[in-house]
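The chain below stands alone and is given in structure tokens; this is the form predicted alone.
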Amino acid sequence: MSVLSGILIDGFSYGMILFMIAVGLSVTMGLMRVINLAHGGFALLGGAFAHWLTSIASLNYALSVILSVLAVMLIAIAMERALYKKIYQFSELQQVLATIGIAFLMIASVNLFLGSTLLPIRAPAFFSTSIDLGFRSLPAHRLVVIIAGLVIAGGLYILLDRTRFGIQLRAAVDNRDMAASLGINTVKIYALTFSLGAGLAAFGGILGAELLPIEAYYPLRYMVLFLVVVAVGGMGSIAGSFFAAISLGIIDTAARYIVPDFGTVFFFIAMMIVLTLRPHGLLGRI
């Protein structure tokens, strides 16, 4: 029973981290129609800023998280206006090559200023305390991750499916010229959406640094995991990314508990099975 509860809780919290980072990629790939392989770089930048603010500038954790996410969102807006507005017009192969190049620039920048070693984020002592759930003691950090993931999932669903902003975004994606002729500021919509995705990646990178450590080569090390979540969930589907991240997180955690020598093999086996049966993902749009 203790092993099962450990698998479910650890897998669920791991899945939440994958979701928080990957959902922004799902939005940009599924709704904005851009293959952004530099997405993991925004998680790296968020973690790098948080490391500097907590470990070097000695700011408290909560303020550091807020400032780091805002900094990444501002960088994302600048990059979207300077680079990505041109990348939107590229072919798929050109998008892949261009965004990989951007990822390497992010890696080189972090490597230049902070080095290639692990970048620890000084978390509050509260994160190390244990919370008794009756059947298991749960580290407070895991509980914070789970709650944050649920709040983000609900907030994104409301934002994209129940607000004027979401309607305008879908209209801009379906027919940008027509949306602009109707008075929708498509430039602003694209910039805000891209910035939102980058901010979520930064937040997930910071909060998940205990399980996915921050270091200069973070985008290359974990990008495949984020792509798998998007592919299995279905591009553009918030609910799909959520269920895919949780399921894959639990599968990967169970494999590490039961057959640790096989690492992430079962993670990718699950991906292949799902995509064989449902090529567009669990909740993908055909």
Partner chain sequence: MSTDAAKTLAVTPPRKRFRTRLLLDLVLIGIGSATFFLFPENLGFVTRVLIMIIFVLSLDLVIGYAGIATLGHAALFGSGAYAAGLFAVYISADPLIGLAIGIIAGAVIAFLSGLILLRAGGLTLLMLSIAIAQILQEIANKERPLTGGSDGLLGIDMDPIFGIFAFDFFGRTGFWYVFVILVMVFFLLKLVVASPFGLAARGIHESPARMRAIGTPVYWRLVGIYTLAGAIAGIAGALSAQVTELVSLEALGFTLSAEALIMLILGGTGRLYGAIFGTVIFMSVHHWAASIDPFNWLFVIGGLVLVVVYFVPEGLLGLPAKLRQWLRAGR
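Numbering follows the first chain given and starts at 1. Just so it is clear, the structure is predicted and the values come from calculations on it, not from any experiment.
FYI, the form predicted in complex with its partner chain isn't displayed, but the following is about it.
Among the residues 187, 75, 148, 102, the one placing a heavy atom within 4.5 Å of its partner chain in the predicted complex is 102. Shown without its partner, this chain lists 125, 108, 167, 131 as candidates; in the predicted complex, only 108 has a non-hydrogen atom within 4.5 angstroms of its partner chain. Taken together, the three residues 33, 59 and 196 lack any non-hydrogen atom within 4.5 angstroms of its partner chain in the predicted complex.
Proximity of residue 162 to its partner chain in the predicted complex: non-hydrogen atoms within 4.5 Å are absent; the residue sits far from the partner. Contact check for residue 69: every heavy atom lies farther than 4.5 Å from its partner chain in the predicted complex. Shown alone here, residue 227 lies within 4.5 Å of its partner chain in the predicted complex, counting heavy atoms only.
The closest heavy atom approach of residue 172 to its partner chain in the predicted complex falls outside 4.5 Å. Annotated contact segment (heavy atom within 4.5 Å of its partner chain in the predicted complex): 85-93, selected among 85-93, 173-181, 206-214, 150-158. Contact annotation for 18-47: residues with any non-hydrogen atom within 4.5 angstroms of its partner chain in the predicted complex are 29, 35, 37, listed in sequence order.
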